[in-house]
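Shown here is one chain on its own, the form predicted on its own, set out as structure tokens.
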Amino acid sequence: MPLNILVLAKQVIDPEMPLSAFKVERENRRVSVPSTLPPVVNGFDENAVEAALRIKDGQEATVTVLSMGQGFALEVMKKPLSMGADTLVLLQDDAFLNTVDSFAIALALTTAIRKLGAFDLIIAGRQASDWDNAQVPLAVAEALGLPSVTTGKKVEVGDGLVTVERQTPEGAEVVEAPLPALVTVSNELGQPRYPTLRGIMAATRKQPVIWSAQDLGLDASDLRPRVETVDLYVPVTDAECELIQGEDEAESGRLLALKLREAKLI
């Protein structure tokens, strides 16, 4: 039996776009970018695709990519197919517009995973570059009752186990978990492979499976956010610089100490 791998991937605003194009609509509590700037696949999720394909390189396996959103750019979301993934499933519905609540996203993804059927391994990026919550993969693992291993930089599968070398602040550690399991990976895994011309041509011939909220049996009440965004704005910073000068270095130091004491910093 081939190994069945599912990769969670997200379409995000290009983090390399010019800062001048980044706009926060405070009244609508959302971020907007010009339509001329195309989105990209989240960078950590490309690492997840690469991790799945490395496993596929070494043994018989199928790789399915699952994404949730609204207004997908197919030429962007087909990149995992051109890298070597087998199937692309898109959860696309106006009900998902501006859905940033991790619980609602995890619910939709979990429902789709159950509809797709059993998977041996789910791989996701450690976090998305738009909101940086790093919550959705772990919520999916919890909902499916799967063991989870985070921030992997090397993922191997064999004998019913997934072996993950994890990146930690102190260095690295190796963790094993029984399959099925969920693993998140980080950029320490290495550079994702570039799509080949053959892969790009094959991807153009593949059509994604597209499911709406109704196809998943979900409605607006199911996707109601548990966390409410009450405000979204660019913080204003204000800094002042005061030069402390004395007759000599010792005098300047004494005056600086007095200023710091007045500010209750020392």
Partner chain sequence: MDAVDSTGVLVLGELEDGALASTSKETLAAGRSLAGGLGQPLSLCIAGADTDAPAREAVAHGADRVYTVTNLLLAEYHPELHLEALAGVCHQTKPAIALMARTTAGRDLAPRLAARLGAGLAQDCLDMSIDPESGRMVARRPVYGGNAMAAVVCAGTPQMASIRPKAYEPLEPDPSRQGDVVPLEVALDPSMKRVRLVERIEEESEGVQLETAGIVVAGGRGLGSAAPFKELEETARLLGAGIGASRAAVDAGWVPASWQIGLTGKTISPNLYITVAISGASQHMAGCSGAKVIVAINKDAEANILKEARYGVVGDWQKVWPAFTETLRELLG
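Quick caveat: nothing in here was measured; it's all calculated off a predicted structure. Numbering follows the first chain given and starts at 1.
One more form of this protein, predicted in complex with the partner chain, exists but is not displayed; see below.
**Student:** Evaluate Ile244 for contact with the partner chain in the predicted complex, applying a 4.5 angstroms cut-off between non-hydrogen atoms, and reply yes or no.
**Tutor:** Residue-level check for Ile244: yes, a contact with the partner chain.
**Student:** State yes or no: in the predicted complex, is some non-hydrogen atom of Thr196 no more than 4.5 angstroms from a non-hydrogen atom of the partner chain?
**Tutor:** Result no; Thr196 lies far from the partner chain in the predicted complex.
**Student:** Give a yes/no on whether Leu258 approaches the partner chain to within 4.5 Å in the predicted complex, heavy atoms considered.
**Tutor:** Because a heavy atom of Leu258 falls inside 4.5 Å of the partner chain in the predicted complex, the answer is yes.
**Student:** If we define contact as a non-hydrogen atom of the residue within 4.5 angstroms of the partner, is Leu116 a contact of the partner chain in the predicted complex?
**Tutor:** Outside the cut-off, so no.
**Student:** Select, from the options 228-236, 63-71, 199-207, 212-220, the stretch whose residues sit within 4.5 angstroms of the partner chain in the predicted complex by heavy atom distance.
**Tutor:** Flagged stretch: 228-236.
**Student:** Which residues in 130-152 have a heavy atom within 4.5 Å of the partner chain in the predicted complex?
**Tutor:** Residues within 4.5 Å: Asp130, Trp131, Asp132, Asn133, Ala134, Gln135, Leu138, Ala139, Ala141, Glu142, Gly145, Leu146, Pro147, Ser148, Val149, Thr150.
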